[in-house]
Each structure stands twice: as C-alpha cells, then as structure tokens.
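This document opens with one chain alone, in structure tokens, the form predicted on its own.
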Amino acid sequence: MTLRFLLRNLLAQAAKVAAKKLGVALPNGFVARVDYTPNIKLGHYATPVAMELAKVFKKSPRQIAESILDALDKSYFTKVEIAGAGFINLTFSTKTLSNAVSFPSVGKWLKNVQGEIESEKIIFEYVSANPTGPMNIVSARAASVGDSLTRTLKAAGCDVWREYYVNDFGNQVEMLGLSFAYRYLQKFVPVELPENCYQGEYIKDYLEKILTDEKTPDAILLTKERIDTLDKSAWFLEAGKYFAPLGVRAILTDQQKDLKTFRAEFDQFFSEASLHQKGAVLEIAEKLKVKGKIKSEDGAQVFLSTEYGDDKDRVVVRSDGRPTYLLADIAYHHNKVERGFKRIVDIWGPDHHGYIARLAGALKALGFENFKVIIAQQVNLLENGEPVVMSKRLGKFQTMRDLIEKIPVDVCRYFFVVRSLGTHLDFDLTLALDQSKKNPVYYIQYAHARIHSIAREVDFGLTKPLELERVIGAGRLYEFFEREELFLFLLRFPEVVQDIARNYEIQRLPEYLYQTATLFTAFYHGKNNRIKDVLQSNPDEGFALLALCAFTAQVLETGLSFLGISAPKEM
C-alpha cells in the first residue's frame, strides 16, 4: 500500500479509539485529510485531523490531537509531534519505508496499490473534431490531455474507454459535399464559392486525391463539352451527395494519421450517422417526451432545458421533422449509458460552456447524472514573446499537423499538459524549439539519460530487480548523506497517479516529473557522489546510490510514458 493510504488507516483507527473514549461518534465514512509537509525536516506527512474533528469532539484541536496520538500505533514512526494549533506531523520509520517499496519494478508497484481508489467504468470522449477539415491546435491540446489523462487513469486501475465522436451527418456534411462540388466545377469554369461552403484550400487537395483514387460516376463527371449543357441545380445536388461521404472519409483518415503520429490512442471512432441509421436519434426525443420533458412549439419539439439551468428551452426536432445537433448529441450520450458506462467525461473546445447545461439536463431527465465536461481553453502561440498570426498564407502554421511537423511530439505533448485545461495556454515556440536543458522536456529526459549513462559506466542493468528492500531496510540510504528528499519524493509517485485519477488534474504529473529531475540533478552533483569510485571504496554505499538512481529512472520513464513522451537512454 502507499504510505498515505497506510497513514489514513492508522489515523482512522486512532480517531475511532479516541472517539469511543470520549463517548462520541465519528461521521460516517470519515477519512482524515493527509498532506505533505512543506519541508521533510518537519515530517513526511501532516494531517489537520484534529481540526476536522473539533465539532464532533467538542474540544480544542490540540487536545484532540493529543487524544489521537495516545491511540495511534506508533510502531510505524520514528517521530510524531503536534505543531501549531493542532496539526500532527509524522515521520515514518526506515522499516515502514522499506515495506513501502518491496517491489521489483515501478509497474508492479502501481498494480499493487490499484485497489486504493474506487474504479468504475468510465468513457472519455475527446478531440472529436468535425471531419470537415484539418484538426486545429486546440484539438492537439485536447488530444494530449485526453490521452495522457486516460493513460494515467488506467495505471491507477480505472476501467477506461477512449472514444472519438465523428460528426458525419447533417448540414455540415452536406456543406462539405457542396464545397467539393464547387471546387470540382472551378476546374472548368470560374465560379464563386458560396460563403457557407468550406473556404480552405485543403478542399482542392482532397478533391484531387478523390478524383485520382475513385472512378467518378458519369452523372457527376465533368468535361468542357458538358459544361454548356449542365443543369447546375441538379448537378450540384448529385455531386454534393457523391462527394460528401468521400470527403468525410478522406479527411477523417488524415485526422487519424495525425492522431497516431501524435501518439493519441482511441478504442473506437463512433459514427453519428450510425445513430440516425438505426433511428436512435428520433427515438430519444420520444423517451424525453414520455418523461414529460418535451413541449410542442410552432410545430417543433422543444426540450425543457431551462429546468436544468439552461437560459432557454431548446428545439430538438424542427417543425419539418429533422432532428437538431443537440438531439443527436443526447442520443449519443444516452448510447454511452446503454453500453454500461457509469461515468461519462467529455473534453470540449472553448466557447462550449453554454452547451453543458442542456446536455447534462437531458441526461439527468433520462436518469443519468454522472456526467462531467472539461473545457479545453484556447492556445496562444508565441514566438520570441510575440503572438504568432496563424495564417497559412503568411507561412505560419495553424493546424495540428503544422505544429507537429515543426515541434517534436515529445515537446508538444509536454507543453500542452503543463497547465490546467481550463486556463488559456501560451505555447512558447521559441522555448519549444530550444534543445537545451532550458526546455523542461529535455531537462527531464536528460536526467533519465544520465542515469543510464551511470549504469553503463558501472555495467549495471537497470532492468534487474533493484533489491531496494534490502538497501533501505539496512538504512543505507540515510547513512551516507542527506538524500532523503529525493527518495521520499519518489515514494509519492503512486499517490500523484491516484490524485490525478480522482481529480483529473493531469498538469500535476509533468510538474512532479520536473521536480523529480531537479532533485536527482542535485543528488547527482552531491559531494562524494561518483558512483564508480564509491563502488570501489565502499560497495554497500555504491550499491545504495545505484539503487536510488535506478528507482529514479523507473519513475521518470513510467511517468513520461503516461504523458506519451519518450524516455531516451542517450542524449
């Protein structure tokens, strides 16, 4: 188990004993808060449990802290003390620390502690860019965060399904088909592209690929001779229907290639069209009607979303019988519930806050409330401190592909997760292109590569069992010099993973890895810390140092893998 989990159990037992002596009852499911101390010299962990129980015990926090310490099993600690008004600081014994790391690898360690958090069947939907054009940089941010977060949740023991929703139905697809039709006609005669069509030059590139790879039907095929006799209205109708699915397929294929290059993995690409084909979209309107959540208004069917915090009720079926995008989204999310998922998490792009209440309300009306939306805010590209104008015409990049062709994927993925998704992100291109240790990605990777360099120098295989239990059990890591901070910081790794699984704050992981690399760098430059020489003069000390290096390497490599970032052995 993790040290924090052990401490919570010990505190729960002590609080129960103290409460019984005082004739009071603890709140149901009470769990003491456990924090890290600001300085390990104060202790390994601290808890405000005495303050939390002040109302129950009806005593001063310091008196409560004394009662809890009297009942606490102190065999796990070398020091426990009350600080300030009633905080309890605790320092674990070497034996307890030894038991915490009796494992052959970090991967095995994480598996051993997976039972410490509740696991439920979760579906994460992220990116889900419309298949009408290249993915933008906000999509890249959502891909990085979504993929990193789900990898970390899996490591914590959560049952996670990763999904990409393909909006391959409706007006936008019709407009895509029409855009291809106009671009095709422009090859023969000058014709202006309507404003409601997709204006990007990329349509021309996809058109050429379709014309090369597919045999154009005679009803669509254009020649110079046919132009003069062309019934354009009828032709546009047929051409739009023909090009729409081919355009969606071509663009989606490229999106999937970009995601693979970006190391973003999905278990399924779910087609919106499949819901319409089996009648699930209009069916969900009937279910809402049965629940009394649909009203008729001017021939349309309207969902009573104001009952759930929306600013107005929303049309779900138009007066002509066509479903709206909202109804399709409700049907899709209800489909997730029908597939047995107990928690639904979506990552959406900016400016979608207003959509949350209506969709969450519809799910609540259908009996499902465990729905969470994370908004991915805008990305601002900076170069030499100045905003980058995202214009392809000006030679600047604006798409996800443009970005990853210029910036290494390792760097992109790291930079996209260092800030909470809910905040705007300034992406510093100058720093991203810097390959020195000023770049935080390379700083972490350098630390990992340095450990492998040390191992090669002394001919030690880092994949071997580390025998950390023997080393720590003998107290060797504490006898040579002050390096407890690095070791104890490494012990927090599974706790960081568990915290991310609970609160989805993936930005904590790159911060943790950077701090780990910083502590290791300080350790590496420590006095009398030339491992090759120490192995000759004092084998026990040398092995202890080497074991700590190997432990650090495994934590760095594992953490980087959760972020989809490589851990090179040489740089």
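Note that residue numbering follows the sequence shown and begins at 1. So that the term is clear: the rigid core is the largest set of C-alpha atoms that superpose within 1.5 Å between two forms. As the structure is a prediction and not an experimental result, all values here were calculated from the model.
Keep in mind that the form predicted together with the RNA is not shown, yet the notes after this line are about it.
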- Message: I need to confirm a contact call. Of 438, 257, 226, 339, which residue comes within 4.5 Å of the RNA in the model of the complex, counting heavy atoms only?
- Response: 438
- Single option in 167, 398, 305, 91 placed near the RNA in the model of the complex, where near means a heavy atom within 4.5 Å: 167
- Given that the partner is absent here, state which listed stretch (93 to 101, 240 to 248, 279 to 287, 348 to 356) has heavy atoms within 4.5 Å of the RNA in the model of the complex. 348 to 356
- Query: With the cut-off set at 4.5 Å between non-hydrogen atoms, does residue 370 touch the RNA in the model of the complex?
  - Reply: no
- At the 4.5 Å heavy atom threshold, is residue 453 in contact with the RNA in the model of the complex? yes
- Query: Contact between residue 507 and the RNA in the model of the complex at 4.5 Å, heavy atoms?
  - Reply: yes
- Task: Look up in the model of the complex whether residue 422 has a non-hydrogen atom within 4.5 angstroms of the RNA, and give yes or no.
- Result: yes
- Task: May I ask you to list the residues of 317 to 334 that have any heavy atom within 4.5 angstroms of the RNA in the model of the complex, in sequence order?
- Result: 318, 319, 324, 325
- Superposing on the rigid core, is the CA of residue 366 displaced by 2 Å or more between this form and the one not shown? no
- Task: Superpose the two forms on their rigid core, then report whether the C-alpha of residue 160 is displaced by 2 angstroms or more between this form and the one not shown.
- Result: no
- Does superposing the core leave residue 382 with a CA shift of 2 Å or more between this form and the one not shown? yes
- Kindly indicate if, in the model of the complex, the C-alpha atoms of residue 445 and residue 434 are closer or farther apart than in the structure shown, bearing in mind the change is 3 Å or more. farther
- Distance direction in the model of the complex for the C-alpha atoms of residue 436 and residue 137, relative to the displayed form (3 angstroms or more): closer
